[in-house]
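Next comes just one chain, in structure tokens: the form predicted on its own.
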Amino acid sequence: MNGFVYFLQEIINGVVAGMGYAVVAVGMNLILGTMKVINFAHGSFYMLGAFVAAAMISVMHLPYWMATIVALLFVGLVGVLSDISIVRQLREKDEMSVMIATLGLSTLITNVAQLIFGANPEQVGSPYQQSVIAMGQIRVSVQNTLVVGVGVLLLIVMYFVINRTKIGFKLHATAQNSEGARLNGINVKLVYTITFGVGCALAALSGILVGSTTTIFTSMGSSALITSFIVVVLGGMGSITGTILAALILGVLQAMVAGYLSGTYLDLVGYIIMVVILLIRPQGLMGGRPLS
């Protein structure tokens, strides 16, 4: 493999990783932009989605796509119930209580997952894991192609829903002024609950897609949470478009560092980028425009 082909291969690897980051971080930013809540349990929902899908495939023998749908519905429902039973009860008191509550929720989900699924690494069984698409010397697995394809399709749907539908209008109104939205007849509590459930389901989807390319373990939520937060800060809090752009930038930069230096510096790359952006552009690449 010559130098240019190797460079293109790393670019593709970075786009795949970035799209995985984008899906989970869009869920976090959707919640943050609409509800003004930092969901510290977001990484745990990412982990939960992967393990539920893996169990549906290995124990219930469901096809990959059916297991994915079941896992998304399950995690989305857990998100909805978490909002109704915990987040909603604390939201009007103070933001710190909500953040602490989601931190406790994260611990609860992780511990329950360890009890049910055990501590051994697993993998989300996908029929596309072993298939490879060859473009000359460049190799891309079908599963990685699936990660990018599903991610792009999902984000297009998200963009359409947020900017072209009635529920999107309600999201914008609630994100900009929840009290004004309430006075205009919008059921703000329902908007918040739907947002939290959808955000958690997006985290689960990313966990399933990425979990089909690598091993999964019940403590992996911490890493997903940190990566999501870095992407949200880089892209701009509340900006969906910025989140996607930031995720792709982070993914490609990390792939370059891993390919030309060492994979041990991946987390360091994320932290350096976040600090630099906070210093020169605190609102992020496209911050300041809620749900843009």
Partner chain sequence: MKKISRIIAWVVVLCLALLPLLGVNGLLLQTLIMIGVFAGLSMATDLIIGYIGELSFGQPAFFAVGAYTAAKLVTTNPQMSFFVILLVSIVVTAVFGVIIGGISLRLQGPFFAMLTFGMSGILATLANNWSSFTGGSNGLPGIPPLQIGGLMFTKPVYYWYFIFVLCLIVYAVSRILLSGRTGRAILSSRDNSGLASALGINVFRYKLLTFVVSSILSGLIGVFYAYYIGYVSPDLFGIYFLQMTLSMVVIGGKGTLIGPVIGSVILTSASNYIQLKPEWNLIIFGLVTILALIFFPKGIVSAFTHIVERRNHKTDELKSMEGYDDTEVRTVNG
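Positions refer to the first chain, counted from 1. It should be emphasised that the depicted structure is a prediction, and the values quoted were computed from it without experimental measurement.
We do not show the form predicted in complex with its partner chain, though everything after this point is about it.
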- Query: Just one of 160 to 168, 134 to 142, 83 to 91, 67 to 75 has heavy atoms within 4.5 Å of its partner chain in the predicted bound form; which?
  - Reply: 83 to 91
- Query: Looking in the predicted bound form, any heavy atom of Gln129 within 4.5 Å of its partner chain?
  - Reply: no
- Task: Evaluate Leu225 for contact with its partner chain in the predicted bound form, applying a 4.5 angstroms cut-off between non-hydrogen atoms, and reply yes or no.
- Result: yes
- Does the 4.5 Å heavy atom contact test between Gly104 and its partner chain in the predicted bound form come out positive? yes
- Can you check whether Leu183 is within 4.5 Å of its partner chain in the predicted bound form, heavy atom basis? no
- Item | Proximity to its partner chain in the predicted bound form, single hit among Asn177, Asn120, Asn111, Thr215 (heavy atom within 4.5 Å) | Asn111
- Would you kindly say which of Met56, Val233, Leu30, Ala255 lies with a heavy atom within 4.5 Å of its partner chain in the predicted bound form? Val233
- Task: Can you tell me which bits of 229 to 265 touch its partner chain in the predicted bound form, meaning any heavy atom within 4.5 Å?
- Result: Phe229, Val233, Met237, Thr264, Tyr265
